[in-house]
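So this first bit is one chain, no partners, the form predicted on its own, shown in structure tokens.
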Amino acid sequence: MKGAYYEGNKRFSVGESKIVPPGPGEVRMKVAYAGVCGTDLHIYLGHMDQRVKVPQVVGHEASCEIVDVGEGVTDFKVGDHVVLRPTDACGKCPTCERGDINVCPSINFIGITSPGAFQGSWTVPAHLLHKLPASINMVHAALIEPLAVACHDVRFGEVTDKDYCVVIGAGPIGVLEALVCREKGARVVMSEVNPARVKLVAEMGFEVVNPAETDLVKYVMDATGGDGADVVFEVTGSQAGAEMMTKLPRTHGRIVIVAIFAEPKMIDLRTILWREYTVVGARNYVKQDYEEAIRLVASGNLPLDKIVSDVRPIDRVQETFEQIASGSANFMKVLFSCSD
């Protein structure tokens, strides 16, 4: 089995996956499929070199099978299909004591600050695992981590079946958020400028507006009788998205900031005050978000096959990141097959 090691300076090397025997409270897993996340792209581009100890295996979206269990592990056994919730909080700080473990200041985000999923063999703490129903195939299971992000975001947006939602940005997280909102019965409109993504989300049955061609504010206001959206999700991390998110909600509307902004952006604080918006940041996930994501995947209601653009051997890791970074391929989500 192989592993992909981030070497710094936009380079990956592929070598043998290190077999690390599980210690007390740990399991060793065979990684079936691992997805490329936007965070992984940030790592590749060098934006997170202060957190990654090179050479290091990265990646945190994965479907796995347990092949060995350490001392004291009783909830899991060899052969179980699982996914990992990769946020390992310290459990001792005031933030953790309040139960806000997903935003622990000392969090070990597995796949960033410790070895991740782009490898055939992966040893991790058992308390972060979620067992999968037998009905979930392993390709779809590799989407549970980003789907849990979407479940967390939608929960923070307090979305109901009475809501009109706008998702700014139709990347993987934006599409998954739209799917979760639709599962809750909400009406969803997506905003996207990439023609390939516009076409894809339209094929999924979503209303989609290209703001380069259509006035998005007018579209939303016409659709809501001049009122505005109940919930707006900002998923682009762009200045245009930061500006648009305050123009779309109704009075007392809700804005959920999902994107990781690489640098501060100008936003319209006056409108937030004047219309009494609720603005929340939504980061990572907690156990209940994973459980909801697993339930949604097991339901079979989500068109997950449309989200997976390609499944590739781990040997193609360098080529894949170069293509994603350059925009030369219109990927939605690429998975690496790690156990071949």
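Keep in mind the model is a prediction, meaning the values are calculated, not measured. Numbers follow the displayed sequence, beginning with 1.
Just so it is clear, the following notes concern the form predicted in complex with a further copy of the same chain, a form of the same protein that is not shown.
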Checklist entry - Should the three residues Val78, Val82 and Lys131 be counted as contacting a further copy of the same chain in the predicted bound form, with contact defined as a heavy atom within 4.5 Å for each? => result no
Checklist entry - Is Thr74 close to a further copy of the same chain in the predicted bound form, meaning a heavy atom pair under 4.5 Å apart or at it? => result no
Item to check | 4.5 Å heavy atom contact, Lys306 to a further copy of the same chain in the predicted bound form | outcome: no
Checklist entry - Can you check whether Gly281 is within 4.5 Å of a further copy of the same chain in the predicted bound form, heavy atom basis? => result yes
Item to check | Contact flag, Ser135 vs a further copy of the same chain in the predicted bound form, heavy atom cut 4.5 Å | outcome: no
Checklist entry - Of the options Tyr164, Phe206, Phe156, Tyr219, which one has a non-hydrogen atom that comes within 4.5 Å of a further copy of the same chain in the predicted bound form? => result Phe156
Checklist outcome for this item: The one residue among Met245, Cys181, Met190, Ala141 placing a heavy atom within 4.5 Å of a further copy of the same chain in the predicted bound form is Met245
Next on the checklist: Which is the contacting stretch out of 118 to 126, 196 to 204, 265 to 273, 167 to 175, given heavy atoms within 4.5 Å of a further copy of the same chain in the predicted bound form?
Outcome noted: 265 to 273
Checklist entry - Using a 4.5 Å cut-off on heavy atoms, what residues in 306 to 320 are near a further copy of the same chain in the predicted bound form? => result none
